[in-house]
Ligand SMILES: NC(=O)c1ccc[n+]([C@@H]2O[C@H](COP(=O)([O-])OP(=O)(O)OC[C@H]3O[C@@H](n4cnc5c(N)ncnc54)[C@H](OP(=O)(O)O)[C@@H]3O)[C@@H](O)[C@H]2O)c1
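Take a look at this single chain in structure tokens; it is the form predicted alone.
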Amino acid sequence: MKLGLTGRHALVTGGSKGIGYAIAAELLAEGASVAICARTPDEVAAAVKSLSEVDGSPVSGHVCDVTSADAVEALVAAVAAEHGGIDVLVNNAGGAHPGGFEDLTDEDWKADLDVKLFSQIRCTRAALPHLRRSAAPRVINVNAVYARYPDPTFFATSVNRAACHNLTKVLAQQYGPEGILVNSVNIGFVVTPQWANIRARRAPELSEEAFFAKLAAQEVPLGRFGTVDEVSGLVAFLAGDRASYITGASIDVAGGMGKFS
């Protein structure tokens, strides 16, 4: 299937590893030029070096802390200037912050909101003038099934991703008349580097393989964790021409996880 992404320009936040890296690679393979950002310079440089081997499409890397409004404004301006615009914004930045209600301090809550909800707000706001100039503007927010399937052991994520879910919905309603499509891809248990932190806090006595198997058996009808490639394919589809009548959608990539209708 040709997705019609050749010549489009994409920005992927949190793109140096895990799901963000896989999304960047998928978009490059489809012919888009891609800019990634992350906070760690060495990781950004290594990711760009690796991504430059994926396809002939241009790729650039930027060091940016998406919890800073000024840094986001500078990032978006630099990407638009370097790539000739922004057609696709993938809000993927985030992080694991497991813990129950009594484990979380005010600072924990603020940090989690900042890197999840407010990063999506900042990046979308900064990219909006460039999206308005695009012939096929897309915003894709990478969220979590916990937005609609709350879990007390992921308390902050359950609350904050619900806000991200509704942000997607209201952005789609407000900017649909301008042709800007906004959708959410909600992940369940997907193998990414952040799970090392979760395992260390919840079950340090278990191996990674045993921890994944135990969680999947409890929560996932397919009985396994997903892979980053199983997420990136859907994001690329939503970025392309074949998804031109999809906006305000909330699509789970979670192996059936999530007991909601």
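Start at 1 with the first residue shown and count on from there. Just so it is clear, the model here is predicted, and its values are computed rather than measured.
The next section is about a form of this same protein that is not shown, the form predicted together with the named molecule.
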property	result
Of Val190, Ala156, Ala136, Leu128, the one that lies within 4.5 Å of the named molecule in the model of the complex (heavy atoms)	Val190
Among 199-207, 232-240, 62-70, 216-224, the region lying within 4.5 Å of the named molecule in the model of the complex by heavy atom distance	62-70
Non-hydrogen atom contact Val115 with the named molecule in the model of the complex at 4.5 angstroms	yes
Heavy atom of Ala38 within 4.5 Å of the named molecule in the model of the complex	yes
Touches the named molecule in the model of the complex: Ala24 (any heavy atom, 4.5 Å)	no
Proximity of Glu43 to the named molecule in the model of the complex, heavy atoms at 4.5 Å	yes
Residues from 2-17 in contact with the named molecule (non-hydrogen atom within 4.5 Å) in the model of the complex	Gly14, Gly15, Ser16, Lys17
